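We begin with a single chain expressed as structure tokens, specifically the form predicted alone.
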Amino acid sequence: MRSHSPAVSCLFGFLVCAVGAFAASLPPDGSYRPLPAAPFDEVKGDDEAQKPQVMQRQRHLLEERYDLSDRAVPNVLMSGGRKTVQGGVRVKLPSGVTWDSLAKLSPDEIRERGVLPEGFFPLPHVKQATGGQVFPNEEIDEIQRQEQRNLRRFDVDFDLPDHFTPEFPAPIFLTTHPELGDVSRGQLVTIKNFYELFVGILTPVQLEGMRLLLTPFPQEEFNQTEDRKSADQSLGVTCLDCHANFHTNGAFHQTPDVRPQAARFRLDTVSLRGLFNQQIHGSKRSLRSVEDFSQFEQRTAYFNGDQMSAQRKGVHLPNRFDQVPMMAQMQNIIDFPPAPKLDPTGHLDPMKATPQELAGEQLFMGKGRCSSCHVPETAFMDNNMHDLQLERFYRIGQTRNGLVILPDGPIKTLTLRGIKDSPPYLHDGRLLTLADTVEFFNLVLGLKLSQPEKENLVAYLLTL
């Protein structure tokens, strides 16, 4: 065996030490999620023991940030007619601060005084260090009833009260059959009932696309391996477990596009309504087609953007030239809910709208600057990404329940059509009501809206 000179051996030893020191300086979850260091039963037991404390910590954060009471907007229901819309500003202000006094401060003053309302900070995942998909109880119970498939995690539960989540099950409207109205018949569409509900309404291609969207495939927390978070080995999840009835049920996970784990922000499930008008997909990735999105989600939403974990757990790889176009075609016929007060150009019909709603529309187009991104003629979006630079208002690097508060960066513009059906708001669900959302943008954009103007703007948003 050939030996090295003392100089070469010394250099080799130095390099090993340097690389080792560099690796040690990285967080253990820098890019890849570490495998469990204990048997499944032991991990499960520890997670179950810690769960009450985990949920209490998140509940404490929510109660510090928000008024969580059930206060509905009078005489306003979501599009299916079965659930009320929550009203009022729920974000709590720091002691001694009012919304008017806060709006008079500059971003620098708010940052230096530390008076940005906690409800305007990014909302952490209920268990930031672990992350993963978390489903609301209504979805869990209905999937269990229909499919005997368990979406309940043993380490965490859904955190927001039910009255701040979308109507369940949401109605489904089709561009191909507007005359039919809600084609879901009030049911959650699953692999068990989709054929009965849609045969004769959908084409064979669309039916096959729906079947794929309703078929469970392995996912990071729901699979067969020892690092799953379901009690039993799981078949996995479906696309429409999160996008229930092609809308949203409030399920959340973490963005696959950011590392390390402590910096990954919470990501609310977006609605698939009006997908035919969208030219970019994903909060940050800016994917350019629904075909790309349908394919890449099998590695991103399903496996946190970790192809190594995907391969190990059984990634689904839909065929790009066969299955993916069918999935896309099905998603591309999901329409927005009816908005009877809007004319064909997306503007209010003055013969149908109230004076308050018309005043709100004027604000939306003018002083509120909303229409610069949410363009009425293009389904109230602009197919661009924008950076609100919220970090002007706070000190970077603070933590909230394990989430390191960093700048959000550019986020795509979401449509406002049917917005009353889609609480909570912003990409991470940090804003519980439309009134909260108006206050947020009033501050961030420096709009200086009066209280009546804010109320008019909310009234307008409810018509969309």
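Given the structure is predicted, the values throughout are model-derived calculations rather than measurements. The first residue of the shown sequence is 1; numbering continues from there.
Here the subject shifts to the form predicted together with a small molecule, a form of this protein not shown in this document.
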Picking from 391 to 399, 30 to 38, 65 to 73, 417 to 425, which part of the chain touches the small molecule in the predicted bound form when contact means heavy atoms within 4.5 Å?
-> 417 to 425
4.5 angstroms heavy atom contact with the small molecule in the predicted bound form for residue 356 | no
Non-hydrogen atom contact residue 298 with the small molecule in the predicted bound form at 4.5 angstroms = yes
Given that the partner is absent here, does residue 166 sit within 4.5 Å of the small molecule in the predicted bound form, heavy atoms only?
-> no
Residue contact check: residue 78 to the small molecule in the predicted bound form, 4.5 Å heavy atom | no
Please state whether all three residues 267, 275 and 293 have a non-hydrogen atom within 4.5 angstroms of the small molecule in the predicted bound form.
-> yes
Identify, from the list 211, 83, 281, 149, the residue with a heavy atom within 4.5 Å of the small molecule in the predicted bound form.
-> 281
From 253, 153, 313, 127: within 4.5 Å of the small molecule in the predicted bound form by heavy atoms is 253
